[in-house]
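Take a look at this single chain, the form predicted on its own, given in structure tokens.
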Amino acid sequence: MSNFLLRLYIAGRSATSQRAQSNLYALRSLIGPEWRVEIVDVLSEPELAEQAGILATPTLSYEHPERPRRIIGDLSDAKRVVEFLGIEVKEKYA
């Protein structure tokens, strides 16, 4: 099991939520398949959003034990997202 986890919090099937999901899967192609990805719909599972302190959607959370990070938005600028999260882009995926 991978120690790398990206969790995307979305609100239902809105256009912004769907765009963020698509962009997350495109982002995954840059960082490699060893990353786990979870999608949490805050409308279906509000308790998970509350526990995580999510105030806006879509929010991408990098669940790292030493330096967790979050970014809000539709993730359309993949290079900026990986830079902010401090994730190394895999050469063969770039």
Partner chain sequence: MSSAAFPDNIDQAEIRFLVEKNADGIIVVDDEGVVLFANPACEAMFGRAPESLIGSPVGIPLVAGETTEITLHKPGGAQVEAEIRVVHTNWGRRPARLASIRDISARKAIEEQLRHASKMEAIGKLTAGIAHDFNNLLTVVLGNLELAQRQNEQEPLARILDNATRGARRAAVLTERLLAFSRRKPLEPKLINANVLVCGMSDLLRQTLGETITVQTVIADNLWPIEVDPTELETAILNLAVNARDAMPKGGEVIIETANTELDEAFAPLDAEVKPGPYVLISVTDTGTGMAPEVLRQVFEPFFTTKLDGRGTGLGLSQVYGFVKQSGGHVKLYSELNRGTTAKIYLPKADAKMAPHQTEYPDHRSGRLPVALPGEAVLVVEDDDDVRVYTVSSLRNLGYVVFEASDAAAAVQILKCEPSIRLLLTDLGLPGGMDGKALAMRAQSIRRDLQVLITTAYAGNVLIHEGRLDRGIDLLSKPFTLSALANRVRQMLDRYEPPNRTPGHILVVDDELLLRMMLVDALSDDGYRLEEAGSFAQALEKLDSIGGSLSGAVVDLGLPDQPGDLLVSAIRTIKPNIPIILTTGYSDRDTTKRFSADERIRILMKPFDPYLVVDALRRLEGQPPTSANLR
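Numbering follows the first chain given and starts at 1. In this text the structure is predicted, and so the values were computed from the model without any measurement.
One more form of this protein should be noted, the form predicted together with the partner chain, which is absent from this view; the next part is about it.
Undergrad: Is there any non-hydrogen atom of I39 lying within 4.5 Å of the partner chain in the model of the complex?
TA: Result no; I39 lies far from the partner chain in the model of the complex.
Undergrad: Check whether F84 has any heavy atom within 4.5 Å of a heavy atom of the partner chain in the model of the complex, and answer yes or no.
TA: Flag for F84 set to yes.
Undergrad: Heavy atom to heavy atom, is S76 within 4.5 Å of the partner chain in the model of the complex?
TA: The answer is yes: S76 has a heavy atom within 4.5 Å of the partner chain.
Undergrad: Any chance A56 has a heavy atom within 4.5 Å of the partner chain in the model of the complex?
TA: Looking in the model of the complex, residue contacts with the partner chain include A56, since a heavy atom lies within 4.5 Å.
Undergrad: With the partner left out here, which residues of 9 to 43 have a non-hydrogen atom within 4.5 Å of the partner chain in the model of the complex?
TA: The stretch 9 to 43, when checked against the partner chain in the model of the complex, contributes A11, T16, V42, L43 at the 4.5 Å heavy-atom cut-off.
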